[in-house]
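Take a look at this single chain, the form predicted alone, given in structure tokens.
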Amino acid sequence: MMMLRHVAKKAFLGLQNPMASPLGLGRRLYHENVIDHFENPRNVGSFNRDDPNVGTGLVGSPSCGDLMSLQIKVDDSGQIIDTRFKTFGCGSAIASSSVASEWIKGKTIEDVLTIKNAQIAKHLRLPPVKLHCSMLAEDAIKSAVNNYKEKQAKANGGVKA
């Protein structure tokens, strides 16, 4: 059973057994950065959605079925002190979420809005067919910041943070 799970995982990641090819020319379809973030995702989990210092971004792609939840915890100075994500989707979507969660930690809510999907895609070396995963990560960041700002505005009597 363990062997079957290992083979299935390799197939899911796009790895081929070099012996499977008659010429021994197996090749990796995903960059090692994608594999690293898929096998060892950073900042997985969630915060209390009702916490006024937590912003939650929930985005999805109906075309591929990926669903991404990204949460930020912000201190009084507007700096993101912690992040969490949960992603249901392919390895590229999980890796994009993991990278985004790492990159935004320690930055201000305004600074994270400058992170673009192209930067995430370049870092992970995503193939063109998987670029929507990095777009979801960018959208999740924006959505989490917007949710945080809305909560702060409500807490401050309608004055946007």
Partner chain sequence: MMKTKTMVASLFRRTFRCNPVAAIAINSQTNLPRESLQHFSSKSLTTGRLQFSGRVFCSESGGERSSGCWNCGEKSAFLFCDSCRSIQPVDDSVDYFQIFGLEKKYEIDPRSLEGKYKDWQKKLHPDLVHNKSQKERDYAAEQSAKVTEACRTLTKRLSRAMYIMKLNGINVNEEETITDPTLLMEIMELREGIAEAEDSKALNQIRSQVQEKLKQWSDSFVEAFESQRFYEAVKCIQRMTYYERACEEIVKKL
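Keep in mind the model is a prediction, meaning the values are calculated, not measured. Residue numbers count along the first chain shown, from 1.
The form predicted in complex with its partner chain is left out here; the points below concern that form.
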message: Please identify, from 100-108, 129-137, 116-124, 35-43, the stretch that has a heavy atom within 4.5 Å of its partner chain in the predicted bound form.
response: 129-137
- prompt: Though only this chain appears here, would G65 touch its partner chain in the predicted bound form if you measure heavy atom gaps against 4.5 Å?
  reply: yes
- prompt: Looking at the partner-bound form in the predicted bound form, is K73 within 4.5 Å of its partner chain by any heavy atom?
  reply: no
field: Any non-hydrogen atom of N53 within 4.5 angstroms of its partner chain in the predicted bound form
entry: no
message: Residue-level question: is K86 within 4.5 Å of its partner chain in the predicted bound form, judged on heavy atoms?
response: yes
